[in-house]
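A single chain, nothing else alongside it, follows as structure tokens in the form predicted on its own.
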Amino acid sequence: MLRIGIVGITGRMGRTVLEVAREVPGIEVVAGLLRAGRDPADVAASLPGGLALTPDLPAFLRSIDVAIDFSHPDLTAVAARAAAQAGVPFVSGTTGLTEPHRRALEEAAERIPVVHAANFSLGAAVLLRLVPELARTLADWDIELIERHHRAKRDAPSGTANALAQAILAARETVVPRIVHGRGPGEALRRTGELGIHAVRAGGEVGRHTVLLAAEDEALELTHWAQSRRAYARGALEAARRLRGRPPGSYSFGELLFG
């Protein structure tokens, strides 16, 4: 049995991982890390019984085989460093990371296996595999990215949109990224080599990403949308299963699935 601990267990994604894990054979969520000051008894009243809930990071890590993190970037960095010291593999889906946060994950990966993904859904992983090939093959086509999320999402563009953009730029070997965020007001004439990214925040949209490739006389559009956060949770649990037993290093979700 793979024992999972969730960093950010009281958040929307943490609760979804907990829910989905009950349906996955061979996996059990046994612990949850709480923010300092949270009363475990109060939190326990709203979660299934039998969980070890604690704000004590070392104690949390001692009881688990793999940590899954859907929290806040600052907590992600702290938890990754602690996981490295404890020798616990680390799976993170937290978005909005800055360079210091990413550096903390890279440093942790020197001691433990780490995977960070902005999107743990299988469909998004496939999209990330397809898009570079399309960008290379249709080298002179315009490309625009449109991402849509619920009104409460904090970061824009989304982590997935940024990952798609970086994959496109790498495939086209663009030395200086020419990313345009939205167009207008004023002149919006498209310039050669630009990659447009457009963020929409409305309603309860879980997550939708469209890659539009267009030439003068034809166009190709690929869209992935998550109909439920369960898609992200199921992917994170699969990543945890595949990460256990790997040597230290930084892994992509695609590597774990298709490598």
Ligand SMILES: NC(=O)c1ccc[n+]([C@@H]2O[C@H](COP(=O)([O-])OP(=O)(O)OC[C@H]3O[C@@H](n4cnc5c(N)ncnc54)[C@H](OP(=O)(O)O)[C@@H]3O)[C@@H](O)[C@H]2O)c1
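Computed from a prediction, not measured in an experiment: that's the story for all the values here. The first residue of the sequence shown is number 1, and the count goes up from there.
The same protein also exists as the form predicted in complex with this ligand; that form is not shown, yet it is the one meant from here on.
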For the interface check, one of 147 to 155, 98 to 106, 163 to 171, 184 to 192 should have non-hydrogen atoms within 4.5 Å of this ligand in the predicted bound form; which one?
147 to 155
Work out which of A135, I112, A118, L128 lies within 4.5 Å of this ligand in the predicted bound form, going by heavy atoms.
A118
Find the only residue in R201, R38, H198, R208 having a heavy atom within 4.5 Å of this ligand in the predicted bound form.
R38
Can you work out whether G93 and this ligand are in contact in the predicted bound form, taking contact to mean some heavy atom pair no more than 4.5 Å apart?
yes
4.5 Å heavy atom contact, T10 and this ligand in the predicted bound form:
yes
I179, heavy atom within 4.5 angstroms of this ligand in the predicted bound form:
no
Would L75 show up as a contact with this ligand in the predicted bound form if we use heavy atoms at 4.5 Å?
yes
